[in-house]
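Shown here is one chain on its own, the form predicted on its own, set out as structure tokens.
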């Protein structure tokens, strides 16, 4: 790893002490004078017409401050990121679209009273038949979840490159398969929570766990007609998000409660409410077709993705655009035709989840590549290597191709980490399988348009005592971005980390920066911070030059001083220069605004390899992961401990996705409504040999050469595990998750015992 004074070193997280000691205040820890408690009444039915909402019993309870239905709300009662068609509360006479739709709200003096009052609200419904699958919703004559969405289509994305018909005509071997991926729950620790109040000047303050304070403010304005100048949104430390808090969640409901009840209000969802309410990873059906020559050269790829968008648009257009793009992976494919569409249903909502549509694509592509290798009687790794992108190639996809190709280096490292393939014990019912897969994870390098305005902003202020404040509009989700920004500022000013303070996720104090997603913050905010610190460095150097009577270009900032290059004795304390700048009226606060030079949606990318050895017991169906390895091209590593934490964490989520997690719905109702039913990986599921490694190929436009890496580890770990299981059993795996019952069924079908 390459190092600077602070960059590249495993410095402690700036938020570590508070989290370890329990001093960090999450949204549910906040207490305000006169605070009341909110409760939402959700529809128990995925599709029903609300006939009557009787609030009289709840309103008569002592201590109930306010009962709210749609008729009480100011504004449009509608909000949403892509299309503003999500109701805050479903009014009488209209239909609910899923079990996460709210019909009423209560504000009371205690949590217990709010619960009892909500239970006392009597709602009379006319039950209607729900649409429970995209295929059903696409049938001619199916009712429309949204009247304006013909065929219940939420979105359609298409990509054409070359001539796919010619590509298949020239192919000597063609393989095709349809893959099914499940709905996955983000399983964050902290449920949706927050407090809101109006101050004496009429300003609404919303303090909540979230991933996009600017989107929340926009949605509150849209739904409740509150002027944006009177909406202050402040993000709290977030106990995990993974995309599940990227949409506005409870914040509009919370804002309505505070405004209408005229008291500070706290709202915290319980786990079952959270599971039903927030968007999950899109379930998909992916048909993929590959054509190749006998030598393994891929000539053509054709893909169709049908995804369950759930009841509202949300992030589906973006997610499915990336799914469609990611089908090509890090391979040279001259002829491509891909298509992805999201379909409205009355199932649980779908939206952003770590990987943002790419994990589904990687499962289909990498599993089909192994099938193609079997058809060609070729080693799967050799097949991939023959089709790798080469240095200087641009990916055959709508994604930006601007990252140095490092696939051969990754291959060398992953093979080295795997070592010899293990053998099953003699007379054992275990079978050993191995797989190596690759991916080309993307991250936002163009500051994707957010609410109509591209760009990412960060402000930096040098105080007269020589300390520094950084104001950045993104959100600390646990990924460590506050620490990385502090490292960058410390490196720029030659200061220790304890002289840097980072404030984030406040739409009043921090420049607009949009959402925290797409592995965008280190890249986008880092570049914005460098622009701001660059101007401040010049201000400080010019002032110090005047004080020392030395040209500014001969001075450097290091060791908490401003020094003459090569003459350490000729120096001034950083704090002394900062004080003089302040005293003389120099500007010590600068804002950096970063956006791509090209005015279009832009992604950068990196490269990743994942490998696994698994043992499958054909007598019991048990799967044992003997070794799991991830190697990621990280650009330049800014903080090794946090970077590898991302690799390990992503791989564990991918393990759950492939082997156990499935948010099951039947007739629109969740059958896995809590952690009692929804299984996620535990410490007992982690393989003993679990390896994560990074290689560094500095990114040309990244801050200090860094790339976005937060989502990358999840993408190709799942297909690696699936292909290793398939290798062990000699069967095709076309649906996940795969558990013991699926293994035993495959054994029976293949008559392996």
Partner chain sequence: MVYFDYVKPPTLEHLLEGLRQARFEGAVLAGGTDLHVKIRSGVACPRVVFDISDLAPCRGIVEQGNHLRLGAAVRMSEIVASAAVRRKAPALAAAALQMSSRQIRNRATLGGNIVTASPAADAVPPLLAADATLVLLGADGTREVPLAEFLTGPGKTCLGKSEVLTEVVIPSQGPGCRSHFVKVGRRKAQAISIINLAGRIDIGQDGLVRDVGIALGAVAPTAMRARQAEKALIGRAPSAKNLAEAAALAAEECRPISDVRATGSGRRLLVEAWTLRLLHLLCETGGARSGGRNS
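Residue numbers count along the first chain shown, from 1. Everything numeric here is computed off the predicted structure, so don't read it as measured data.
The protein also exists as the form predicted together with the partner chain; that form is not presented, and the subsequent description refers to it.
Visitor: Consider the chain as shown here, without its partner, and state which of 595, 78, 116, 221 has a heavy atom within 4.5 Å of the partner chain in the predicted bound form.
Guide: Only one option qualifies, and that one is 116.
Visitor: Scan 203, 376, 260, 660 and let me know which has any heavy atom within 4.5 Å of the partner chain in the predicted bound form.
Guide: For this set of options, the contacting one is 660.
Visitor: Looking at 353-361, 321-329, 613-621, 140-148, which lies within 4.5 angstroms of the partner chain in the predicted bound form, counting heavy atoms?
Guide: Answer to the contact question: 613-621.
Visitor: Candidate spot 412, 423 and 691, all three in 4.5 Å heavy atom range of the partner chain in the predicted bound form?
Guide: So, no: the whole triplet misses the partner chain.
Visitor: Is residue 285 near the partner chain? Define near as a heavy atom within 4.5 Å, in the predicted bound form.
Guide: The answer is no: residue 285 has no heavy atom within 4.5 Å of the partner chain.
Visitor: Residue 71 versus the partner chain, in the predicted bound form: is there a non-hydrogen atom within 4.5 Å?
Guide: The answer is no: residue 71 has no heavy atom within 4.5 Å of the partner chain.
Visitor: Should residue 680 be classed as touching the partner chain in the predicted bound form when contacts are defined as heavy atoms within 4.5 Å?
Guide: Contact check for residue 680: yes, within 4.5 Å of the partner chain in the predicted bound form.
Visitor: Does at least one non-hydrogen atom of residue 586 fall within 4.5 angstroms of the partner chain in the predicted bound form?
Guide: Answer no; every heavy atom of residue 586 is more than 4.5 Å from the partner chain in the predicted bound form.
Visitor: Enumerate the residues of 657-687 that have a non-hydrogen atom within 4.5 Å of the partner chain in the predicted bound form, in sequence order, or give none.
Guide: If the 4.5 Å heavy-atom criterion is applied to the partner chain in the predicted bound form, 657-687 yields 659, 660, 664, 671, 672, 675, 676, 679, 680, 682, 684, 685.
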